[in-house]
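Each of the two blocks below gives one form of the same protein chain as structure tokens; they are labelled structure 1 and structure 2.
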Structure 1
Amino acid sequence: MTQQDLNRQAVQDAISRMKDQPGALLPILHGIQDSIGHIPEDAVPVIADALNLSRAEVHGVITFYHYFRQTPPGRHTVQICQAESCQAMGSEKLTEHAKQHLGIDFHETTGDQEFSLEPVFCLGNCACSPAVMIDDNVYGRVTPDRLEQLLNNARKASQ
């Protein structure tokens, strides 16, 4: 099966598992993004059809929420907290360092498809600012050196 077939399969699976729940759209979108990393464009009409919604409505929901993405992410998603508590502890410098080190801006992915960089507004780790999340792991009191080390570890893990 091609990647596209696998993606289609994942979309169908999420829809058939969850379409009968009340308020099923967000759970379905989460299901799809959990398994393939983003919501592919060709999933929109399939979801719309299954939930008896217009494509515009489904598109509107996907684009409303910062968490849902329409393009494939890199192998690792790096989120750096931009909120006040982390600002008070130097997140702006850390963010600049990350952008320079990876050579990308927010909402971009490195050329080798390794890292996607995203802003995030609070990880609930405000007692250990500045905070960073790499995939599902949160890190606290992150210095620029520590960030580089974490990125290197992530890069090694995917080799």
Structure 2
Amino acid sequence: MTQQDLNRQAVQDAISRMKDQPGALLPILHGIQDSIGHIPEDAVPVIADALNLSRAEVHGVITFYHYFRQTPPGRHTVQICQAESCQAMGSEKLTEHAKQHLGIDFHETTGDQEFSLEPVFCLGNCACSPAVMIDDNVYGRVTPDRLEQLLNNARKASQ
């Protein structure tokens, strides 16, 4: 079975499980993304037909919420806190450094599929601002140099 077949099956499974719930669109989208990591473009008409919605309505919800991805994520997700405490301690500078170092913007993935960069609005680590989360690990007092070290460690761990 190809990856595309597996993706189609994941879309159908999410729709089948949740289509009869009130407000089913968001749970279906979450189910698909939780299963395959993103919402494939070819899922939009399938979801729209199942819920009797227009493709534009489904696409509008996907693009409105930054949580939903339309492309596969990288092997590692890097989230940089953008909340006030982290901003006060330099997260804007850290964010610009990360974008330059990785060569991508928020909601993008590096060409080698290694890293996706996402904003986050509070990691609950305010006393150690600025905070970064790489995959499931939260780091505090992250400087541009430390971020590069963390990224290099993540890259090495996936080789």
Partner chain sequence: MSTKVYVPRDSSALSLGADEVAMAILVEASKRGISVDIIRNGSRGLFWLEPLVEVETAQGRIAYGPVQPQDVPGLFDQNFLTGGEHALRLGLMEEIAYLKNQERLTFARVGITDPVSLDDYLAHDGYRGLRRALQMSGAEVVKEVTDSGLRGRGGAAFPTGIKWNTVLNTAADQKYIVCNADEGDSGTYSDRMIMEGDPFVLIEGMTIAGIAVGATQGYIYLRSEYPHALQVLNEAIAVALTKGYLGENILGSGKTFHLEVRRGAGAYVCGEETSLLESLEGKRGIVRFKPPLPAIEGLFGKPTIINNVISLASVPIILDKGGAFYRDYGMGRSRGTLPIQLAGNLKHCGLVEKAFGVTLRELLYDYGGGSASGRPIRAVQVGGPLGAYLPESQFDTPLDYEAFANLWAVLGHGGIVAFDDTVDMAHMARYAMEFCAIESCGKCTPCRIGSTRGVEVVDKIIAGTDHAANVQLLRDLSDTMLNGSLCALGGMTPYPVLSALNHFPEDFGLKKNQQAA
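Note that the structure is a prediction, hence the values are computed from the model and not measured. Here, residue number means position along structure 1's sequence, counting from 1.
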Any idea which of the pair is the form predicted together with its partner chain?
1
Given a split of the chain into two rigid parts between structure 1 and structure 2, do R155 and I80 fall on the same side of that split?
yes
Rotational displacement of the smaller rigid part between structure 1 and structure 2, which moves against the larger, in degrees
22
